[in-house]
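Quick heads-up: it's one chain on its own, the form predicted on its own, in structure tokens.
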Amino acid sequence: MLRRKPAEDRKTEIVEALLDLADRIGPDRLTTNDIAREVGVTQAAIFRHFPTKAELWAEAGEVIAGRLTEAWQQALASERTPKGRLRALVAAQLKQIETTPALPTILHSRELNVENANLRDRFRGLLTVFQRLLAENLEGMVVDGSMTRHVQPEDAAVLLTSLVQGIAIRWSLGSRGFALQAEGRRLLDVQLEILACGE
């Protein structure tokens, strides 16, 4: 006789299946039937754990938020200089995208942008935190002289966030035909060289 999995283990399994399938078939095409089939349970079993699809997406958002926050904290703790922390933050972000390849498609999906305001707001909040962490370290680079004073740290943070997002989209659309982290580090170094220059 098969034993039932504890509820928390099953919920984790369902969310991981959602993230995997969102990458393989796209978040907008993903159904609870797809998830049930992947996990090996009935659709009713999915709804016992998550009464609505919005709640399932909300939980996925919390899982992603937890992973990103932990990765950023580890990145900040691993380096002593503002430039080192900045590079570590960008590397951590790219690694999380590599680990959860569905992330770029979830961020740009109809599910997020039209149908699920809570999930959209959660990700906007994460983006704000990431930009603030970048800006704080860019400010430190201005203070230590490794970045020009002619660029506002907040503006540079937006540029670096756009750099990460652009590389992630290019990686995703290009069938992951290049090493995401290596390309990200290379282009980050180019951007940091530009930011180090004065007038």
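Predicted model, so just to flag it, every value in this text is computed and none were measured. Numbers follow the displayed sequence, beginning with 1.
What comes next is about the form predicted in complex with a further copy of the same chain, which is not displayed.
Here the chain stands by itself, but in the predicted bound form one stretch of 61-69, 137-145, 40-48, 22-30, 22-30, has heavy atoms within 4.5 Å of a further copy of the same chain. By the criterion of a heavy atom within 4.5 Å, L187 is counted among the residues contacting a further copy of the same chain in the predicted bound form.
a further copy of the same chain is not shown here, but in the predicted bound form it comes within 4.5 Å of a heavy atom of N113. Taking non-hydrogen atoms only, L107 approaches a further copy of the same chain to within 4.5 angstroms in the predicted bound form. Contact check for D155: a non-hydrogen atom falls within 4.5 Å of a further copy of the same chain in the predicted bound form. Shown without its partner, the chain has no residue in segment 71-85 with a non-hydrogen atom within 4.5 angstroms of a further copy of the same chain in the predicted bound form.
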